[in-house]
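A single chain, nothing else alongside it, follows as structure tokens in the form predicted alone.
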């Protein structure tokens, strides 16, 4: 059986792939391609964050009673990433490669650190504490991700 870590880490990799596509297009000064790739990246990220915040985190918090623990930290980082997405999109719309690159560098570092915390700490905790409801939880998470893929 798949785990929360399997499903959500695979989605992290998908988001990473979209991010790389934006980076390549910006480096090639292909602004239309960069904008299209960014829309995919932004939408992937927002769906991923929403799936965690609306499905995974509430289930974890309900079971453990920890609402001020790791999920609060992750929500705070999600807010920072949403701000970086907005700033990156504004830079792309202005065709400002330097501004975009600065935001993208910050986003990359943040995503790497954030994903490591989730994949090595939070997701394993979810798999352990929510083992009894994975049959219900995993299809919900996958459904949220599939909804994103259908939008593209």
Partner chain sequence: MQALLSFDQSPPLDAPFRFFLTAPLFAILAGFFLLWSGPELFASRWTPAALALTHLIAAGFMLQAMLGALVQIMPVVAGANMGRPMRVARIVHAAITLGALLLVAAFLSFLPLLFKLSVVFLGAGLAIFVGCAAQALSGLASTSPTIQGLKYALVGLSVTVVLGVLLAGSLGWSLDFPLMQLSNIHLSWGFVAWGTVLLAAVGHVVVPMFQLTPAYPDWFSRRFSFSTLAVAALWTLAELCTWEVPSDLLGTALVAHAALFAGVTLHIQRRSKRARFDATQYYWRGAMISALAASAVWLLARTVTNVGEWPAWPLLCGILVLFGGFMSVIIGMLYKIVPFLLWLHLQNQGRGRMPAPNMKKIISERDMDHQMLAHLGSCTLLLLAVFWPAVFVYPAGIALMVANGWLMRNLLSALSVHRNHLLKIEQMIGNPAQ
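Positions refer to the first chain, counted from 1. Since this is a predicted model, take the numbers as computed values, not measurements.
What follows is about the form predicted together with the partner chain, which we do not show.
Within 4.5 Å of the partner chain in the predicted bound form, a heavy atom is found for every one of 70, 77 and 83. With the partner removed from view, the residue among 50, 27, 62, 90 that has a non-hydrogen atom within 4.5 Å of the partner chain in the predicted bound form turns out to be 27. Residue 108 is the only one of 108, 55, 39, 46 with a heavy atom lying within 4.5 Å of the partner chain in the predicted bound form. In the predicted bound form, none of the heavy atoms of residue 10 sits within 4.5 Å of a heavy atom of the partner chain. Although the partner is absent here, residue 135 is not a contact residue: none of its heavy atoms lies within 4.5 angstroms of the partner chain in the predicted bound form.
The partner chain in the predicted bound form is not approached by residue 94, whose heavy atoms all lie more than 4.5 angstroms from it. The partner chain is not drawn, but in the predicted bound form it has no heavy atom within 4.5 Å of residue 35. Residues from 81-103 that approach the partner chain in the predicted bound form with a non-hydrogen atom closer than or equal to 4.5 Å are 83, 84, 99, 101, 102, 103, in the order they occur in the chain.
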